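Just the one chain here, laid out as C-alpha cells, in the form predicted alone.
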Amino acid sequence: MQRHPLFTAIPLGLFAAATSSAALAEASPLEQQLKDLESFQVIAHRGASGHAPESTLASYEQAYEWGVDYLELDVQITSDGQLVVFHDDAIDRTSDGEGKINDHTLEELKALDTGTWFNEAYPDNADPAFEGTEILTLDELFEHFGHDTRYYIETKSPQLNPGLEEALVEALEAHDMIDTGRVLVQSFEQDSLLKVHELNENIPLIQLVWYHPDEEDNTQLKEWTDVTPAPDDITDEDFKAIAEYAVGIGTNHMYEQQVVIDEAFIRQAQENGLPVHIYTVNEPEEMERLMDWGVNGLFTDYPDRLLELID
C-alpha cells in the first residue's frame, strides 16, 4: 500500500512536515490543514449538541459562532440517493418518525420534526425555536457555512448506505472542500476509508477505533472492527499501517468506567505519524486530563466548555 500522496516526501506523516516559516508560507490550503492537525483541535460533536438538537443547523450555528476548529457530522444516504446529516441508523430517537433512515426519501425525511425531542429530553436547554426543525442535507450545510469552517465527516454505517462514499466524494468535489483544506473524512470501517481514498487520494482520512472488553474474555480489550490489536498489544507497525492511508486516529479513552488507552498510546501513535483525537469528552476535568496527555483534539458536545479551558 502506498503512503498518502501528501506525505510522499514527508516521512511518517504530519510530525515530520516542514516547520520553517518559509515552508509554511508556501503551504497550500490542504497542506496547511494537515499542519494544523499537529495543534490542538476543538471538534464540535454533531455541532454544539449539548445545547441544541444534534446534527441540526441550530447546533452547528452555535458551534460555529463559538469558533470551533471542526463541525463534526455523520452522513447517510436516503432511498433516493440524497446525503443527509444524521447519526442514528433509525430515525426514532431524534425525530417524530419511525424506521431506518435509508428506507425513506428526502421528501419524507424533510416532513419530520427533528427538534422537539430535544426540548423534551433536555428541558433546561429547551427552545421553542427548535420545534419543527427539518433534517439537514449535506448540501445545505455546505451552502450555509461554505469555506468559513472545516468539516469532520463520518461515513456512517456504510454497509447500510450503499453508494455513500461515491456520493460523498462527489459532494466534496462539487463544493471544492478538498483542495481548500476544509474537510476530514472519518470512519470506523477501514474499507470505507480505502474506498474514499480510491475515489480521491487527496482527501485526508481519520481512522476511528473503539476499544472495549472482549465478549469472550472481559479481562482483555479488543478493537471493534479489528483494525488494531488491543492497546496493550499495539505495535509501531500497527500504527504505521494506519498511517499508510490516514492522517490521524480517533479513539475512545473510556469504556463505561474503564480506561482503555493511556498517555503512552497517544505518544506512540504520534511518533508513528498519527495525531490523536478523543471522543466524546464533555466534562472539564476529563478534558484537562487528556490535554495534559498531549492529545491533538477532542470531540465534545459542549465546545464552549473546552474553549474556556484553552483560551
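All residue numbers refer to positions in the sequence shown, first residue = 1. Since the model is a prediction, treat every value here as computed from it, not as a measurement.
We do not show the form predicted in complex with a small molecule, though everything after this point is about it.
- Heavy atoms within 4.5 Å of the small molecule in the predicted complex are found in exactly one of 97-105, 234-242, 186-194, 138-146, that being 186-194.
- Taking non-hydrogen atoms only, Leu208 approaches the small molecule to within 4.5 angstroms in the predicted complex.
- Mapping the unseen interface onto this chain, Glu223 falls outside it, with no heavy atom inside 4.5 Å of the small molecule in the predicted complex.
- Within this chain, Tyr279 lines the site of the small molecule in the predicted complex, having a heavy atom no more than 4.5 Å away.
- Residue contact check for His87: one or more of its heavy atoms lie within 4.5 Å of the small molecule in the predicted complex.
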